[in-house]
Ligand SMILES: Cc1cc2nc3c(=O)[nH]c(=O)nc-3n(C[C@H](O)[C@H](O)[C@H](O)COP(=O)(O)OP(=O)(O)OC[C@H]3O[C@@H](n4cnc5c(N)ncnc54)[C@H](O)[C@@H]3O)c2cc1C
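Below you'll find only one chain, the form predicted on its own, shown as structure tokens.
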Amino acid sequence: MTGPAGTNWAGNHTFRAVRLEHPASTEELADVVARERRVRALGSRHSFTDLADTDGVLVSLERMPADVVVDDERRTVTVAAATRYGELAVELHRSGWALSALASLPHISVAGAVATGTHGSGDAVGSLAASVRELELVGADGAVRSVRRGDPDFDGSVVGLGALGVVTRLTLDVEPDFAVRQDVFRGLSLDRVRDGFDELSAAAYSVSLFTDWTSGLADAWLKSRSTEPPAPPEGTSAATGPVHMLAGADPAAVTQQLGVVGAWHERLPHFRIDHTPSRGAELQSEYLLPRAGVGEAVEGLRGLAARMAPLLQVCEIRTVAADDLWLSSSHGRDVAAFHFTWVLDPAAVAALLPRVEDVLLPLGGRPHWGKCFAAGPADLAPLYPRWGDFAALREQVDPERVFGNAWLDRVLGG
């Protein structure tokens, strides 16, 4: 029997919170934070661990006003924290605006995706957090404050892991609306990925490579802002029908392919918002490492192919541009992201992850905060130049650890 907050999206974690509250205003939220010993915000439940859990009170912001405010002059949009990217994208498109990136799933909340450093793909495209211009949040004392780009603590506050307060509204950069075509090419050699990754990742605005590591081949999904067809990667052939990245899954769930041009928000995600993304019954891990390490990572993971095969549904490789955010996985460097979709077997995946990390962490691989990983603070701190600054900021704004939880103790250090 589950508690008042139920489970996460994958069903592998049951929330331990004693209560789930739904404040309908910032004032109601501030009252909850001010009176409770422990509080955490619950987003779209797409984290695969206890990151969003608490032994105190969870708050869902879904009943707070969901207005979307576009400022044409400043080229920004301000949204409520619980707004889902798919909903925001439709409103922006209607207004003639766009975001530079979307994650694979349009189902996720803006605040939750930003707080964990979630990203899309593209050599020149930053993470979703990189588009944030301002945050409004309720602090540990119940007071509402704003942090703006250029403020001393801004870069430490955006990818905040929920540790600095409950974010209520975000202001994001936007750009003029644009169209995208999506083409899938099959039969890409992993040797080509190893030896020519930079050329492959530059083949379109957003590029994703999917492999199971055992076949020696990958599929290349190219999302182009040009209406002209991209050149097929060497040795590949264009897909003749829609392709799902998971073998045997229904391609009706993926966004339009076959070079049909459409709006940015209907092509940049991999999945349609009105379908279950991926398979649902799964776990996920991801590691983002400097691009110079891609070749070594490919060879190391090929060496693990037999061990991964019983658990791996698919691995995706893509790129993210550098940013300045302290706990961003792309802080200070352009990165390649290696994303793993596992079967829903928590114990077996947990046993395998240290072997994957033996390959990727020495190459500078930083784990995605919202997904499964084995690394602890001793492994992680050397990977983040501003690790100590974030700890100091947290001590400053939440010395009593109102927003603390077991996950933060385990990952950042108690």
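Model, not experiment: these values are computed from the prediction. For every residue, the number given is its place in the sequence shown, counted from 1.
One more form of this protein, predicted in complex with the named molecule, exists but is not displayed; see below.
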Hey, of 259 to 267, 107 to 115, 178 to 186, 209 to 217, which bit sits against the named molecule in the predicted bound form at 4.5 Å between non-hydrogen atoms? 107 to 115
Find the only residue in Gln284, Thr255, Thr236, Ser131 having a heavy atom within 4.5 Å of the named molecule in the predicted bound form. Gln284
Classify Gly370 as contacting or not contacting the named molecule in the predicted bound form by the rule of any non-hydrogen atom within 4.5 angstroms, answering yes or no. yes
Applying a 4.5 Å heavy atom distance criterion, does Leu51 contact the named molecule in the predicted bound form? yes
Test of understanding: in the predicted bound form, would Val356 fall inside 4.5 Å of the named molecule by heavy atoms? no
Does any part of Val147 reach within 4.5 Å of the named molecule in the predicted bound form? Heavy atoms only, please. no
Residue by residue through 157 to 195, tell me which have a non-hydrogen atom within 4.5 angstroms of the named molecule in the predicted bound form. Leu161, Gly162, Gly165, Val166, Val167
